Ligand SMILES: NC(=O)c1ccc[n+]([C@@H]2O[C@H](COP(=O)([O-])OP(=O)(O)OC[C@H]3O[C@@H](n4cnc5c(N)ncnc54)[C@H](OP(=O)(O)O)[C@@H]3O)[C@@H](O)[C@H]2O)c1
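Just the one chain here, laid out as structure tokens, in the form predicted on its own.
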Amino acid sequence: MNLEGKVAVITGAAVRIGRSLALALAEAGVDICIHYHSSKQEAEQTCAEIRQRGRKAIAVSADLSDSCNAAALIINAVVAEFGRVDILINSASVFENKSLLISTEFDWDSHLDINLKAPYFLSQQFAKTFHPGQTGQIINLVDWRALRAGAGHLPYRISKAGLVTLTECLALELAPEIRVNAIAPGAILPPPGQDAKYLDKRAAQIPLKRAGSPQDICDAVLYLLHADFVTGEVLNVSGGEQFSS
């Protein structure tokens, strides 16, 4: 895909990895819709940085726990502003370490709503905008934990495993017009409330013995956007952590 002049929606793009993706795609010539929930100041700052790079940007606030309404609001807003949407990146995520015995129905719902249900209905609204001859891409951010069983992070793991299955199913259902892939990050940024010591501890469990960076995820996204014969794949960007015990 030639990215110059394309339009992308990135959820959770005001902060963290989503923000890095927005700036990387802007550098590649893409106009951006920044979705955010409560990070209004950060979203506006990210839009300003995108415009400094010579691209157009809008910020749209929506609560992804209200998945159907949020999906329609976001996609309708970007189509109204830009006339179309070519790329959807489902980056927004809830990440909490909850085991079976301590998790609540709220924990279950919050992870499934944001991490799986919202990408489902965003993908639906995205696909509905397409006209004959238009091509596009969906990229879902999953997690290496989604590809193997393990203790802890139970609602999170299940939601991301579901997102892997959604990726594979949509790759078939939306072909050939829309390619659908996923990226499974490893230790890229510390969770909110943690610092660099968290990544240092994780690095000991990673075969490459170091943490990654948001740039590693940006590089993977740009690869998938250009890889016109790749769909239905999950690209691990984890330093090999998915293979460690």
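Just so we're clear, the structure is a prediction, and the values are computed from it rather than from any experiment. Sequential numbering from 1, following the sequence displayed.
Only in words, not in the display: the form predicted together with the ligand, which the text now covers.
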Picking from 62, 28, 47, 178, the single residue whose non-hydrogen atoms come within 4.5 angstroms of the ligand in the predicted bound form is 62
Would you kindly say which of 215, 194, 52, 38 lies with a heavy atom within 4.5 Å of the ligand in the predicted bound form?
38
Options 169-177, 92-100, 147-155, 131-139; stretch whose heavy atom lies within 4.5 Å of the ligand in the predicted bound form
92-100
The ligand in the predicted bound form reached by all of 114, 185 and 188, non-hydrogen atom within 4.5 Å:
yes
Given that the ligand is not shown alongside this chain, does residue 222 nevertheless sit within 4.5 Å of it in the predicted bound form, heavy atom to heavy atom?
no
At 4.5 Å between heavy atoms, is residue 15 in contact with the ligand in the predicted bound form?
yes
